[in-house]
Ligand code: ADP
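So this first bit is one chain, no partners, the form predicted on its own, shown in structure tokens.
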């Protein structure tokens, strides 16, 4: 009888496919194989040893089995769990695991050469230098031996042809050296040591979650590094998740200082070949520590023993494409399935994590003082109704005076505005024409440095015109509102002698330039930094003494149920860049509503009051974490298709007790990338079986036809 197996392919399939196993090939669950799919060959994973009962004549055979460690049982369970929770095809979750298919193949052999015995008939000085190095039996690469001996490669080639040097296979070296848990152990404060004792004990094994909750600059990284050291001593692997690629440079330096070697890096800026090597060496256990973006959560670790989520509150951990998942929540799930500890670290924890800590589900570790006796910045509000900026400007005289005094002392200031580009809207003063993206219902943002108008949602860009395309009038285009580029223009006028640096994720030069500029700020090579939310995340600027938030109200003016929480977190993180190395520091919040609870809580330094109020509001409205939400996004190439399908879905909803469906309604960004979008919002109690009900509802609703696409977002973070 033909042996059959179930094989999960990295495609949008709801279940594995059945394949025949060729005679002489042995496979087991977790093995990575190559199988035919239509006219092409794809890498896939054996999911079960028994396939469906299918006529053997109709089956196609597995083409090849990769020489690679199999996917572990717990990792396959994790894939299935994520697929069920997010209502995604399991094949699409597996696709995130097989993100570096080149890593399935063993790397090509490295050829080296060593002394085979004997001497050449004609000895030259260059040959003698080569043989002096090779006579001890060490194997060298050709170029390495020639360089070390100060000879040309042709000298080595001649000795190879004469048989004096013989070819051998050199062992592959790990992509990164082995970290030393005993290297560079720091002197911790009493508070840090108490927290470190708890996480180190947890790192010895068994599932647990610790919320490491400390003010900005309190040394949370040093605390969880001790847990990393404990896991390494036990021979386990460690994953550290970071929300931004830009954070990895300074983090890697701190890690190397503590452990004598850098961790493996995993993010989109890593070269493809290096990603493939890292993927394989994680699977074989050669790489012990990985620091990476949210996608690193799906790396196939051989023996993962600790997972750290740094800045756990950050919205960058939410993926909103293909498989919608939150890396923080899935990290906790992976820890539970594999039975290892998870550490969540933040100066401004998410409400969900804080409630879990209050309920005893997570261990709550507090660090309430900055490291080294440094004080938190004083926070002052600038009421723009009483102290408005001058006409055409955006910096209040009060803030301008504070920055000027800071500059005179040789210290640094930060002006924060969470808007990229020069201006968020450009219009014609004559006819009122507004420049809108042709693919999205959003305004084009002017980037004056590049002379472009750009959409930050679909990437569309066009040159900034000199005349209005609607009425043809020249030199009457007006920039409305500020972006960081416009703020920099104003700062140059106010502080002509200051060295000003603009920091934004979309500046030319990409991540490499960004890292160089962050390094320049840390070294004190600029006086005034103007930046977006990029500057709010974990950076240590020793000379920063003054932080000014240009528009503290910006995040509060929308209907997002998390608006207050996000604004509080962002403003707390931004002002927390000041005074980390000691000395007096001040944060200024320019606002039209200083009495707003969020602004008031930050100004008074009353974090507890904010969280108490926010948690009470969430509980009274049964919003997460006291209830559950799921967003259904219906999109299509035409408005009619999208609207008809969304309304058909709503009519098909049979709502049991505990589940309510709201909508459909046009999405705030109604057209995105040339697709019209409608949203439905499902609100459920904690006891409701949300995923089961959603699956049944979507299956009983209208069939997806034409250009219609339906996306499900469990626990949505964005409502655009």
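Numbering follows the first chain given and starts at 1. Being a predicted model, the structure only gives us computed values, none of them experimental.
Although it is not shown, the form predicted in complex with adenosine-5'-diphosphate is what the next lines describe.
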| query | finding |
| --- | --- |
| The unique member of 192, 504, 348, 590 whose heavy atoms fall within 4.5 Å of adenosine-5'-diphosphate in the predicted complex | 192 |
| Option touching adenosine-5'-diphosphate, based on a heavy atom within 4.5 Å in the predicted complex, out of 277, 209, 215, 602 | 215 |
| Touches adenosine-5'-diphosphate in the predicted complex: residue 222 (any heavy atom, 4.5 Å) | yes |
| Residue 540, heavy atom within 4.5 angstroms of adenosine-5'-diphosphate in the predicted complex | yes |
| Residue contact check: residue 393 to adenosine-5'-diphosphate in the predicted complex, 4.5 Å heavy atom | no |
| Residue contact check: residue 580 to adenosine-5'-diphosphate in the predicted complex, 4.5 Å heavy atom | yes |
| Contact stretch among 182-190, 612-620, 414-422, 281-289 - heavy atom within 4.5 Å of adenosine-5'-diphosphate in the predicted complex | 182-190 |
